[in-house]
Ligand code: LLP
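To begin, one chain is listed below as structure tokens, in the form predicted alone.
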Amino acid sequence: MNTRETLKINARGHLEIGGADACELARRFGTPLYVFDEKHIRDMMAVYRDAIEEEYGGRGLVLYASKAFSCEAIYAIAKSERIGVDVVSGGELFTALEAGFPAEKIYMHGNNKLPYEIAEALDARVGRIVIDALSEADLIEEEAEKRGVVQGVLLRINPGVEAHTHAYVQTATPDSKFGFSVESGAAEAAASYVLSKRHLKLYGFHCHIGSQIFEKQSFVIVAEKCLKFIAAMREKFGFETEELDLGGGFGIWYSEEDPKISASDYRGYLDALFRAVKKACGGYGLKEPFILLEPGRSIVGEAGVTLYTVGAIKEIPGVRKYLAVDGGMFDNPRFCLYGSKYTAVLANRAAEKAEEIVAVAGKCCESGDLIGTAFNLPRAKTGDLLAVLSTGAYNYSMASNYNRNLIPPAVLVRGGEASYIVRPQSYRDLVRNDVIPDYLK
């Protein structure tokens, strides 16, 4: 299993999550069920916050990346841990505000923010809006002028650093829908354009090179490239960058193919990053900028476990054995999308030795509805409780009602006690917005 202190096998041979027996959680809340360990979430937020405070003099802010997992409870935790958040839609912004999160510590992202989302961000007085298109700069300028305000912005640049990760989650390669290319000159032109706006205040630049990155050097290289660009902008326009957002992308453990990353390992990444920033600033004679970091997956990914009940079991001799569960691609589409690998255990028989390699299939009417094809498990029986680990990021966020299945509820475990943070859906929820035109009645 992974290296989380709060994920254990208890004396009954059951998987224990944050001090709560997984079998008891399934009995009380049913399955499928997303389970989140609050201690792990807080511990990971503290890793980033403390690194900034101790290694960079507190001159920075952690921004939890909402897209990994967004609900009111996660924003309440972020608020109590004294960090900020980034949001990428009006829905994420609304959720954060509903949770009472301070707007000045919200950064608004997105490559195609809709006009109403920009208006909502301005009305809420978010801390910064990250500009990803020249037309967006025009729209923010127009809306800010209407309100008689000057909106703080960052400009998303593409430094051309290729992260060693899945092609679909790389965001700073030359061919990307995100940001302005430094190499092509588009970033310089965009900076000049934004600086000309009367109702926009450019504080600095933002970049993000991708996700699930384990190479420390990737973060160092991107910091160096960004600061080289910052130095060029000072030389060209006399613009002194105040803020530099270096994004997120720190990898987590999913399977035996991934390294097991400890809190001290993440701290090592951050220390190397801050040293690179300080060294580059010294070399270029720059004032050290206020640093922003956007971890999401590394905060909630390993904090999450999804519980399923095993149903039909089908073996195709010489081909494959399938375990069907009561969830599937509607609560975890990542294997279908990316071929993402996971680790699973039989939560009610977690101490037993693995005996066979099986595929885990969902209940959707779709041949590609799989959570994985190579799980090493004890010989499973119908009714067993299957736990898929490291499902805290991009599972609930990407869930759907495909086949009119219900999106599972989520619970937060703290000191062995669990409570809902997302209540169960009902069939009534599925039809709530359906309308039959009069002529069909």
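Numbering starts at 1 and runs along the sequence shown. What you are looking at is a predicted structure, and each value in this text was computed from that prediction instead of being measured.
There is also a form predicted together with this ligand; it is not shown, and the following applies to it.
- Considering this ligand in the predicted complex, the lone stretch of 375 to 383, 59 to 67, 410 to 418, 32 to 40 in range is 59 to 67 [heavy atom distance within 4.5 Å].
- Mapping the unseen interface onto this chain, Y396 falls outside it, with no heavy atom inside 4.5 Å of this ligand in the predicted complex.
- Contact annotation for Q151: none of its heavy atoms lies within 4.5 Å of this ligand in the predicted complex.
- Using a 4.5 Å cutoff between non-hydrogen atoms, G179 does not count as a contact of this ligand in the predicted complex.
- Put simply, R334 is close to this ligand in the predicted complex: some heavy atom of it is within 4.5 Å.
- Contact annotation: of the candidates F205, Y107, Y308, F250, the single residue with a non-hydrogen atom within 4.5 angstroms of this ligand in the predicted complex is F250.
- For the residues N348, T241, S211, N158, the 4.5 Å heavy atom test against this ligand in the predicted complex is passed only by S211.
- Taking this ligand as positioned in the predicted complex, the residues of 285 to 316 that bring a heavy atom within 4.5 Å of it are, in sequence order, E294, P295, G296, R297.
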